[in-house]
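Okay, so here's just one chain, in structure tokens, the form predicted alone.
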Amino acid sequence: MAGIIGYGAYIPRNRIRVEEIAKVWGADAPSFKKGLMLEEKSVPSPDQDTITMAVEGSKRALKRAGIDPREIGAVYVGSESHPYAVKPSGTVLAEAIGATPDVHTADLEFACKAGTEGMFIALNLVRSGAVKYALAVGADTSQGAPGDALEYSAAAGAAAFLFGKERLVAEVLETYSYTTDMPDFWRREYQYYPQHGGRFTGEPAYFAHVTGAARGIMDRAGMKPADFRYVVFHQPNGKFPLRVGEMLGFSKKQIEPGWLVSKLGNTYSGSSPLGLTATLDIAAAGDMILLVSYGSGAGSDSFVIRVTERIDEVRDLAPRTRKLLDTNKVYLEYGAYAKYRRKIRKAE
């Protein structure tokens, strides 16, 4: 059996409220808050990026795992906002945590499921015996064009998971992926901001893939919604995971621990992985968790996870995700936010 031996989260302290963004663009803040079920989003500082957040999350995962980083055989960073177009994030992360030089690294992209893409690969490398331990990170400093609907939700955060066969905090019992070519969200190499199909692609994209992956893995595992204590869905906003949970027969009580991460906005590659960290923070031994990601383009990865008794030994060795969500917040005005996210650029 293989599974998670350590996990860690990182969320920037900075926040901007929905009202602050709406005020600048003359938009109706209550409609955004009601329609998207969002209050605020996290914002990275000028000296933070996907790599720095991945490092912080990975260090916390190492604390919970209690292993020598030199034994990590693979490091994968999933993101759609890697800071370099040509230079890997994974090498910097591996160097920062002391995993070099005997390590395989790769940067992954698959919109918002790049994080679970890395988890799938890391898990199966460990299962195969190719490496003793593998690290997978989902991290993003997401961007939305000024005034676009994405600006209200595109946030920042990272979640890191170490996989192994011993000292498990959670066993991964089953995996399944559901993939088609459904371009509902995209950004070409030369473009600064992503484009999207808006409300017209919700049904054939997010809901079709998330329900397909969830039903597929439950069929494969011979399980039903009532068999799970918790379920974590990708969270592009606060509304979609609640709706898809209802469609599949899950209760709000099963969804809520991971869903609360949507309070900080859509962390893209870190979205469902961050929801999993928040769920592991409160889960008990024997609890079953269903994790379902979603990435535009399009596809969903799903995992059936069973928590072990070791969770009680490790969860407080690093900050819990809910604490990162709710404490030491710094609220920005739109001008500072635009400066931090480099939305005002000089002509070259």
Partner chain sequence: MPTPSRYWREIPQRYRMEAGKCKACGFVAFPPRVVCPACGAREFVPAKLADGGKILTYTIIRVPPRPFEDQAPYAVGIAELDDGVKLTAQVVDCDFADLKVGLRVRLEFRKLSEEGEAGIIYYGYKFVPE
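None of the values given here were measured: they were computed from a predicted structure. Residue numbers count along the first chain shown, from 1.
Separately, the form predicted in complex with the partner chain exists; it is not shown, and the next lines address it.
**Message:** I need to confirm a contact call. Of I311, A318, V304, V55, which residue comes within 4.5 Å of the partner chain in the model of the complex, counting heavy atoms only?
**Reply:** Only one option qualifies, and that one is V55.
**Request:** Identify which of L168, A208, V92, V126 has a heavy atom within 4.5 Å of the partner chain in the model of the complex; exactly one of them does.
**Result:** After the contact test, the surviving option is V92.
**4.5 Å heavy atom contact with the partner chain in the model of the complex for all of A154, Q191 and K239** = Checked in the model of the complex: no contact with the partner chain for any of the three.
**Message:** Just to confirm the contact call: exactly one of 40 to 48, 283 to 291, 25 to 33, 296 to 304 touches the partner chain in the model of the complex at a 4.5 Å heavy atom cutoff, so which is it?
**Reply:** In short, 40 to 48.
**Request:** Determine whether any heavy atom of R342 comes within 4.5 Å of a heavy atom of the partner chain in the model of the complex, and answer yes or no.
**Result:** Yes, R342 is a contact residue.
**Asked** According to a 4.5 angstroms non-hydrogen atom cut-off, is G98 in contact with the partner chain in the model of the complex?
**Response** The answer is yes: G98 has a heavy atom within 4.5 Å of the partner chain.
**Message:** W186 versus the partner chain, in the model of the complex: is there a non-hydrogen atom within 4.5 Å?
**Reply:** No, no contact at 4.5 Å.
**Asked** Should P83 be classed as touching the partner chain in the model of the complex when contacts are defined as heavy atoms within 4.5 Å?
**Response** Yes - in the model of the complex, heavy atoms of P83 and the partner chain come within 4.5 Å of each other.
**Asked** Taking heavy atoms and a 4.5 Å limit, what residues of 3 to 20 are near the partner chain in the model of the complex?
**Response** Residues within 4.5 Å: Y10, R13.
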